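Next up: a single chain in structure tokens, the form predicted alone.
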């Protein structure tokens, strides 16, 4: 790793301590996590490393804060979340630059997508905090039965490195709106913007202990958080392999678990598709954020009659993508987030070749000497068969496999021939086909004539090995609450079988 480059101005003022009980504090054991700029692998900062003793402190602070936060009116919790959204928008320039430096997301994306979507999520959940309703149920004569939604308690949230800012809002927004307190562990690779959010939350008046931020390594801090008996629910976003470990770790106190895991999205282009829109949509589906997205359209399925025409346009567009320094407003694709992940993505190019794939585009790092020190991989397109490893395993990079199909029945079988079930899409002018295929694809989300559309009001999540539970939408409020059934004997009569 190189530490020769000057530290950017945006990082000099960043907070690097843990946030526990409303204060920034050093790690108990004094450990530090180096954080690097993926553009050139220069050192950005050293952040306090949370260990189990720090997790204990954070959980204790969250448990102490929970009773008062639960009693806080839903309208007041919502008002504070709306203030968080306003603070994020006011801090947008700083947050955008910091997220770009930390993750490699192009500045055009952090400014245009990541920060606005983060503010929008907090604003959405601030708006619905006081709109979660209970129910009254028809039961036996002489009784009133009503159901309330109660916060689960202390939520442990584990946020991945690909969209750290956005996922912070997706987890904290509904958890806080519902009346829970939170201990959040962000990925050790990308902790900076979440710590900035902690400062903004303190400044707008989120009470001490309601939010606690503890950056640390997954094998220590993350594992301990998932095991902790003081945590009532764990919400995890990350790989399916790690998700299984989280489930096992949660069994000690049978805490609730919510998982948003891997994906292997099928992006289907039928012969009647709007071709130019499908080409642009397919490029966004896989190359946005360097393909580091669980919902990426990483399997491109083309109907035979239009495959050649589509590929001519698609390869031309992919070749033209501007790869470079993510701080340059003209850059369309930046580096992957770490050297280890870059090497993993590159290894799949060798795997594809071994299984008979042809590399149609890319297949390695850029030739530009200015980018050689960074974690860059060029947009890569390969041919593949449905059973190949690159069609079954999540590559999580700017890497798309192309498979041809004959008809609707065949492509539905291909689309469903993985263990994942997060997202998928299709392109067609036939409305009936759109509904029919959307219903047949076994995923939690389907896009028709678009891809990777998300909104705070729409539930996000998958089935199968892609996890369970839903982020966002009104469904998320139920994920962070328990149903409490209350029976009232309105006649105050003794049950007949006990009468004397």
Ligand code: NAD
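What you are looking at is a predicted structure, and each value in this text was computed from that prediction instead of being measured. Positions refer to the first chain, counted from 1.
Another form exists, predicted in complex with the named molecule; not displayed. Remarks below refer to it.
Participant: Please state whether all three residues 236, 245 and 394 have a non-hydrogen atom within 4.5 angstroms of the named molecule in the model of the complex.
Facilitator: Judged in the model of the complex, 236, 245 and 394 all sit within 4.5 Å of the named molecule.
Participant: Of 121, 129, 159, 282, which one comes within 4.5 Å of the named molecule in the model of the complex, counting heavy atoms only?
Facilitator: Residue within 4.5 Å of the partner: 159.
Participant: Of 425, 335, 191, 222, which residue is found within 4.5 angstroms of the named molecule in the model of the complex when only non-hydrogen atoms are counted?
Facilitator: Here the answer is residue option 222.
Participant: If contact means a heavy atom within 4.5 Å, which one of 298 to 306, 403 to 411, 67 to 75, 159 to 167 is the stretch that engages the named molecule in the model of the complex?
Facilitator: Of the stretches listed, the one contacting the partner is 159 to 167.
Participant: Tell me, yes or no, whether residue 262 is in contact with the named molecule in the model of the complex, where a contact means a heavy atom of each within 4.5 Å.
Facilitator: Close contact exists here: in the model of the complex, residue 262 approaches the named molecule to within 4.5 Å, heavy atoms only.
Participant: With the cut-off set at 4.5 Å between non-hydrogen atoms, does residue 217 touch the named molecule in the model of the complex?
Facilitator: Judged by the heavy-atom cut-off of 4.5 Å, residue 217 is in contact with the named molecule in the model of the complex.
Participant: Using the partner position in the model of the complex, report whether residue 85 sits within 4.5 Å of the named molecule, counting heavy atoms only.
Facilitator: Taking the distances in the model of the complex, the answer for residue 85 is no, it never comes within 4.5 Å of the named molecule.
Participant: Although the partner isn't part of this model, could you tell me whether residue 36 comes within 4.5 Å of the named molecule in the model of the complex, counting any heavy atom of the residue?
Facilitator: No, residue 36 is distant from the partner.
Participant: Going through 278 to 312 from first to last, which residues have a non-hydrogen atom within 4.5 Å of the named molecule in the model of the complex?
Facilitator: Only 294 sits within 4.5 Å of the partner.
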